[in-house]
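Listed next as structure tokens is one chain, alone, in the form predicted alone.
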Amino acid sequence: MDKQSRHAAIKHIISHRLVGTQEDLRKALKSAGFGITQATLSRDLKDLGVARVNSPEGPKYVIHVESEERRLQSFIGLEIEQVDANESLVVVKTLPGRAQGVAEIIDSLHHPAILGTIAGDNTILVTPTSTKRNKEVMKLLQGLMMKKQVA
């Protein structure tokens, strides 16, 4: 099994059940078909930005939302091909099949100038909170697009 699949399995396990130790997580991964060492699991947890926190039910692993968003934002520029706007909307063109994922990342920014997004297969309509903020949204999205050159 590849690293990407293993990371997806880790995220699924810790978001759907209480896992308090690396050993518990390693056993859950083994049951899911991912036999890994404790060292590999530690690296995966670090890569994913997973933290162990105290909860009323006891210690548990959680994905640090900001780490996940920051990690995803580094890839968004690779998927955006073009950003255009008119007086009221911003349109983002992506690689085929990537619009929904990119729109999800844009929404996760919780930027005060963005009211919301609607995504198709390779096109996203981004609605600014006001037509006066159109240029601000355009610059934000073009900035994300430029990250592909430094990422």
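None of these values were measured; they are calculated from a predicted model. Each residue number is its position in the shown sequence, starting from 1.
In what follows, reference is made to the form predicted in complex with the DNA, a form of this protein that is not presented.
Site residues Pro112, Thr117 and Thr129 are none of them in contact with the DNA in the predicted complex, judged by any heavy atom within 4.5 Å. For the chain shown alone, Ile36 is a contact residue for the DNA in the predicted complex, at least one non-hydrogen atom being within 4.5 angstroms.
Looking at Thr40, you'd find a heavy atom of it within 4.5 angstroms of the DNA in the predicted complex. Although the partner is absent from this view, Ser15 stays clear of the DNA in the predicted complex, with no non-hydrogen atom inside 4.5 angstroms. Contact check for Lys46: a non-hydrogen atom falls within 4.5 Å of the DNA in the predicted complex. Heavy atoms within 4.5 Å of the DNA in the predicted complex map, among the stretches 117-125, 48-56, 97-105, 84-92, onto 48-56 alone. Contacts to the DNA in the predicted complex (heavy atom within 4.5 Å) from stretch 118-137: none.
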